[in-house]
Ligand SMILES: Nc1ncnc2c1ncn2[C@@H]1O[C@H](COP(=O)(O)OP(=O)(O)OP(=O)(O)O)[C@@H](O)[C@H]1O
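First comes one chain, alone, set out as structure tokens in the form predicted on its own.
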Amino acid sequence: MSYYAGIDVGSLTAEAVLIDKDRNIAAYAILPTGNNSQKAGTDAFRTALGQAGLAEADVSRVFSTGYSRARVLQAEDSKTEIACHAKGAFYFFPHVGTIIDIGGQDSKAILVGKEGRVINFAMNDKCAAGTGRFLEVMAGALDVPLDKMDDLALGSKEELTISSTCTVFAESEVVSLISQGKAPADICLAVSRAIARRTAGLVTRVGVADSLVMTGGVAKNRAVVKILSKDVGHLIKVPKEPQIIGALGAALFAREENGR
């Protein structure tokens, strides 16, 4: 059986997805990018191969995407993150109209049409505010695990506000709130609300469709998803594993374009 791979190397994590000729997902891997994006892509690919019990020779074609897509040694071609997230989201949600992707260093809103084709998009790639890095910095300031921030936020009792759209100044606001004795849960909710507010502006720019899907690591933060759903006025759906959507899209492109 033929297999196809997509490798998405971002600023914080690297993902690899293997699919078979029938478009079924055979395996996937998510690893930290670290300080060597080239190695991270290779390690993610080999980890996925190991999970599927496959060798590199079993993979007919590999496409890359993401922040460091040009550094993926195994890739025969690459696709933009915009196209891959649209393709990957459409795989799980055929009626998707707007995709929200919040990655490690940027955030995107993508308006799609039939077959997940990109119609329009807006991106924030100039500032870490509203990204995974923003959350990471705030988790460090609060000294709480990144994956526990949404649990804390959803248990908030007091409404606080973080007004700055700059990560550095927002971190100062968080430190100030800590010094005032504010509860970590309340600060976590304020952080989530700040991300949602910035992302909602991107969504408004491209257009809000009836069916919204959120991808990327920040989609695992239930507080952000809940607040953002309220801000845009629509329920936002999240794939079971939102971090692999870009890599999945790359694998689907590899399958489609094999032999062309």
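All figures in this text were calculated on a predicted structure; none of them were measured in a lab. Throughout, we count residues from 1 along the sequence that is shown.
Not on display, but discussed next: the form predicted together with the ligand.
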Has each of 103, 133 and 216 got a heavy atom lying within 4.5 angstroms of the ligand in the predicted bound form? yes
Is residue 236 close enough to the ligand in the predicted bound form to count, meaning some heavy atom within 4.5 Å? no
Would residue 39 count as a contact of the ligand in the predicted bound form, using a 4.5 angstroms cut-off between non-hydrogen atoms? no
Can you check whether residue 12 is within 4.5 Å of the ligand in the predicted bound form, heavy atom basis? yes
For residue 198, is any heavy atom within 4.5 Å of the ligand in the predicted bound form, or not? no
Counting only non-hydrogen atoms, the one stretch of 174-182, 91-99, 153-161, 106-114 within 4.5 angstroms of the ligand in the predicted bound form is 106-114
Just give me the residues of 61-76, first to last, that have a heavy atom within 4.5 Å of the ligand in the predicted bound form. 67
